[in-house]
Every structure is written in structure tokens, then in C-alpha cells.
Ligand SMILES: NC(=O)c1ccc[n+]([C@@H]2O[C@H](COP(=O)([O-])OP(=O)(O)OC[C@H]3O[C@@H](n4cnc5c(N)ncnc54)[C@H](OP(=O)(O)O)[C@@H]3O)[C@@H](O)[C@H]2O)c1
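Below you'll find only one chain, the form predicted on its own, shown as C-alpha cells.
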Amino acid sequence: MVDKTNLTRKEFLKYSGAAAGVGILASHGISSFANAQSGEMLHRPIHSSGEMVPAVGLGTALEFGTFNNVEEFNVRKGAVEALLNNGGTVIDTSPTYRDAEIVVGRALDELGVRDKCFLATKISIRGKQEGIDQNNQTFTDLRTDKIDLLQVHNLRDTDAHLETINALKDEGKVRYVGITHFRENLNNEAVKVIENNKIDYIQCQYNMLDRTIEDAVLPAARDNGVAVMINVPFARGRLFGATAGKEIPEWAKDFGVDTWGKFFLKFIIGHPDVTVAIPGTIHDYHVIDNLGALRGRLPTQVERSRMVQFIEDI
């Protein structure tokens, strides 16, 4: 089903002209809501620093780290280039996404754009020394001496790895500290980490089929000044499957939606506690369509409720 829905989206984008350029990076320093109402691209603040980042980035799980030849690598490199050429900056990866870190590092190096990228990755292993060793390899694979955001992946050995990440932050090798998870049954544990540790980011799942982080995770992040990165925004393709062949409702066009990808992403970034969503793709035209969600106004809460009802009624 995922391949089929990706193909449907691919064909739609190519024939609709959505692969035209999205535009240039917006200037920083204005509020995210004012930005959302203007012709500029929506940015959101990292609460611990005030740094602004574009509210849609690029995830690299699944097939991003799997390639067999130069042509397949160049497809993935094209996705990175499209992100950075069209106003995005945030790339999220992991040493456990097969060779995704190698792909990202090589792409950034060949394009000469490391300084334009907000680069996030993870420690994803049990054991403190094992985490240190894994992260040393990460620096090599990403071809960088600094990581913007280093996260404890899936709350695995959280205390030990937070010590490592904070030490790297003190050394100037890491800028921000975070944690990640994507399972509903880890929401309460994530809240405890937020409340009992000084972290900058939490990454978790949020989409129109899984809104469980609204109950406790998002309020805890807001109350503790923690930025929120959203993974699995398309529910692993299930949202595209549910809407395949269906017309976008006319009322959604009032807030700039002309593709289903924008529909799903505008719902997510329409929540004021969300900092950035990281849809995964290897294709430049998907990247450009995703970045299109950063233009035009955001849906109101009433409209977001209507969006949810529309999906539930399918």
C-alpha cells in the first residue's frame, strides 16, 4: 500500500506542478503566527534559545539509508538539496536507519551545505560506552565535528546517554539535547523525562490518526520550554491510502491546501506547541510539496477539528 500511495502522490505532484520551487528562506525574528499569515515561510522557535527553524524538515528513516548505486544515492542527495534550496534546514537521521547518516553526510559534503543545515541525529543503543562509541562513528559518517541536536533514541538508556550528550554540549560538539519516541505507551515516561531533566527537544509521533501526545506530552513540553519535533506525520502512508482518489475539500483551500501532503502537515503545524515536523522521503518533489505547507495561513482550531472529522468520516 505504501508504494502505491507514494506513486499516486508522485503522479499527482508531477502533473499538478507542485514540484515548482517553494521559495527562499524567510527572514528570522518575527513571530511564528505573524509569519504564518504572511507570504513568508513559517518558522517556530526553539524555546531554550529563541533560534528559529522552518516548521517542516526532512526525515531519513526507512528507505533513505538504502541505496545500491550512484543513481540511487543521487536521488537522496536531490532530496537534501531540494530541502536546503527551498527554505528548509532541519534534517533528522539516526545510526540505526541503515546507512542514512552516511548518505546525509556525503550529500551535505558534496553539496557544500553543512552550514545551512540543522542536523539532528541520535544515540540508539544500550550501554553508556556503547553510546559513546556509536556517536563517535556518527561524527565520522556525518562528516561533521558538530551536531545541532543529539537525541536519546526511543528512551533507551536515557539517563546514561543524557550524561554523554550534555558532556558533548559542554564541549561545544552538540548544540541541543533531546529525546525521542514514537509509541503511545511511552508518553508517560517521556513526560517524566521532560519534567525531571533539562532538555531542549522531544521528538514523538503525531498525525491525524494518532493524537495521543495532545493529552500530556505537548502540555509538558509547553510548560517546560521544550521544543517538539514530530515524526511519522503521514502515519506511515496510511493517510495517503485513506485519501487516495478523493478530492480535497473546498474549505481546506481557504488555508492554502492543494495536496493531501499539505493537508496532513498543516494540521500538525497548526498546533501551536509543534516546532517542526519531519516527513520522510527520498524524492525532491515530495520535499518541495511538504515545504509548501509552510506558506499561507494555518488552519484555526475549528478548522483543525473539521479536518479530523473529515478523516474520521472516510
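None of these values were measured; they are calculated from a predicted model. Just count from 1 along the sequence shown to find any residue number.
Omitted here: the form predicted together with the named molecule. The next part is about that form.
Heavy atom within 4.5 Å of the named molecule in the predicted complex: which of Val113, Ala242, Ala160, Ala235?
Exactly one listed residue reaches within 4.5 Å, namely Ala235.
Among Ile269, Ala61, Ala252, Met52, which has at least one heavy atom within 4.5 Å of the named molecule in the predicted complex?
Spelling it out, the residue with a heavy atom inside the cut-off is Ala61.
Look up in the predicted complex whether Tyr97 has a non-hydrogen atom within 4.5 angstroms of the named molecule, and give yes or no.
Answer yes; at least one heavy atom of Tyr97 falls within 4.5 Å of the named molecule in the predicted complex.
Partner contact for Asn231 in the predicted complex: the named molecule, 4.5 angstroms, heavy atom
Asn231: yes, in contact with the named molecule in the predicted complex.
Give a yes or no for Arg44: in the predicted complex, does one of its heavy atoms lie within 4.5 Å of a heavy atom belonging to the named molecule?
Outside the cut-off, so no.
Contact with the named molecule in the predicted complex for Phe139, defined as at least one heavy atom pair within 4.5 Å: yes or no?
Judged by the heavy-atom cut-off of 4.5 Å, Phe139 is well away from the named molecule in the predicted complex.
Options 244-252, 44-52, 272-280, 65-73; stretch whose heavy atom lies within 4.5 Å of the named molecule in the predicted complex:
Selected range: 272-280.
Any residue of 116-146 that, in the predicted complex, places a heavy atom within 4.5 Å of the named molecule
If the 4.5 Å heavy-atom criterion is applied to the named molecule in the predicted complex, 116-146 yields only Lys122.
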